[in-house]
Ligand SMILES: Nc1ncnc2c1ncn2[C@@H]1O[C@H](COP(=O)(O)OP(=O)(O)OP(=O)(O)O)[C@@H](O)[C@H]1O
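Below sits a lone chain in structure tokens, taken as the form predicted on its own.
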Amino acid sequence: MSQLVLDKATIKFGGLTAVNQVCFELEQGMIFGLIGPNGAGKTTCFNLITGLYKPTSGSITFDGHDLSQYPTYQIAALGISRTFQNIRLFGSLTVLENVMLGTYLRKESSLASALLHGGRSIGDTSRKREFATNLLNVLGLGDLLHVRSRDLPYGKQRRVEIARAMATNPKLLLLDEPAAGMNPQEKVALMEDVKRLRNEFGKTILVIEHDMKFVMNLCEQIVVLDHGEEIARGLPAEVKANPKVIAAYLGE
């Protein structure tokens, strides 16, 4: 059974159709690529999936839930987390503090419980700190726990944002240009880390990325958008050789 299904998902802003009848499905445990030139509608699809936008027509379902019926925070609670094209870390907080914020989506203690049973709340915080620390170790950031995020180079800030998204313990992880700002060595390391998140943690991962080499070596299936519409789908080698894809990126 498919975990995420977009069925003719469409959104219009006035007279502009930003995404037009887009259809694709993600099976659990898949690493799936969504690519296309600038303005193709990729991030708009992410915004539809996460509830920032509601589709004008068509449907988006996740584990059988119609996502158009849920606000963003409930979609996150269903198990969907994302990173952003523009990094949105809290610059004055440390790396560990940023990632710990993500753990509070799965809050174990209510406010009343925290007030009545302070020890239990302290125990929850300790577990969240341990969980966040382990995530940062997995992503090669264990030696930067107490560094303010604004003091990190751009590529490492990207990795912190991925760790924070993972800290919500999602079923589906949406990565919006995760390799942006990274050097070639960092991209290779990130590719292996993303595969590890899928293989060891059982995550389903949907990736937007402009670096074609990164996408082709990471993703198992790819859909290509251009001007909000699908122009190709399939295995990386098939997509790479598709004349419509070549024309969309390089021109006729």
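When you see a residue number, it is the position in the sequence shown, counting from 1. Note that the structure is predicted; figures quoted are calculated from it, not measured.
One more form of this protein should be noted, the form predicted in complex with this ligand, which is absent from this view; the next part is about it.
Distance criterion of 4.5 Å from any heavy atom to this ligand in the predicted complex singles out Leu16 from the list Cys23, Leu235, Leu16, Ala241. In terms of contact with this ligand in the predicted complex, the residue from Thr56, Thr50, Thr43, Ser59 that brings a heavy atom within 4.5 Å is Thr43. Judged by heavy atoms within 4.5 Å of this ligand in the predicted complex, the contact stretch among the candidates 35 to 43, 213 to 221, 183 to 191, 60 to 68 is 35 to 43.
Using a 4.5 angstroms threshold between heavy atoms, Gln85 counts as touching this ligand in the predicted complex. Of the heavy atoms in Glu177, some are within 4.5 Å of this ligand in the predicted complex.
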